[in-house]
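Given as structure tokens, the chain that follows is alone and in the form predicted on its own.
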Amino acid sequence: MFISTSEHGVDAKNRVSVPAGYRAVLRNDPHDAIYLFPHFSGAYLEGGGELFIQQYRADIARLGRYDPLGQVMEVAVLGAARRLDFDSTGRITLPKALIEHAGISGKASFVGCGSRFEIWDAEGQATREVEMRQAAAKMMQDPEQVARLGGGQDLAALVGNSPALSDLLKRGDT
């Protein structure tokens, strides 16, 4: 799972280090690479490993060849996606078009979002983080929003949906 936010410098050759924790998540992928595309709803990049891009492919395929949404998503996601291989030090080279889309100038922020991650310009991400925290605080005052998030879900249901948590509890490492 991709978690945490970290800032990394982008050098003159557009190379950036991918956070070590993210590389660890991708360690069992069939390729030593990540997939990125310029997100269609904002000035950032969305990325992940092989499973991430295959999930998009499966979701789009489920729509059918002639579905207008499927056609749009094929171009917006699959047509725009780039597979970027890691170098020996865990860096990737961001194509100029991706840097321009995200407005990255000097530093990039990697934001873990579970099964995927986002890459933002560091300044833009700092502003966004404040806005997102304020929005979360406001939403958590609304009981309907809390319920949508699963507030009050019992531990047994949570453990049942998470093999990793279940294994941890069975070992007694709590």
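Bear in mind the structure is a predicted one, so any value in this text is a computation, not a measurement. One rule holds for the numbers: they count along the sequence shown, beginning at 1.
Below, we refer to the form predicted in complex with a further copy of the same chain, which is not included among the displayed structures.
- For residue 48, no non-hydrogen atom is located within 4.5 Å of a further copy of the same chain in the predicted bound form, even though that partner is not displayed.
- Among residues of the shown chain, residue 96 is not one whose heavy atoms approach a further copy of the same chain to within 4.5 Å in the predicted bound form.
- Put simply, residue 55 is close to a further copy of the same chain in the predicted bound form: some heavy atom of it is within 4.5 Å.
- In the predicted bound form, a further copy of the same chain stays beyond 4.5 Å of every heavy atom belonging to residue 43.
- Within 4.5 Å of a further copy of the same chain in the predicted bound form, a heavy atom is found for not a single one of 8, 16 and 86.
- For the stretch 79 to 109, the set of residues having any non-hydrogen atom within 4.5 angstroms of a further copy of the same chain in the predicted bound form comprises 79, 80, 81, 82, 83, 101, in sequence order.
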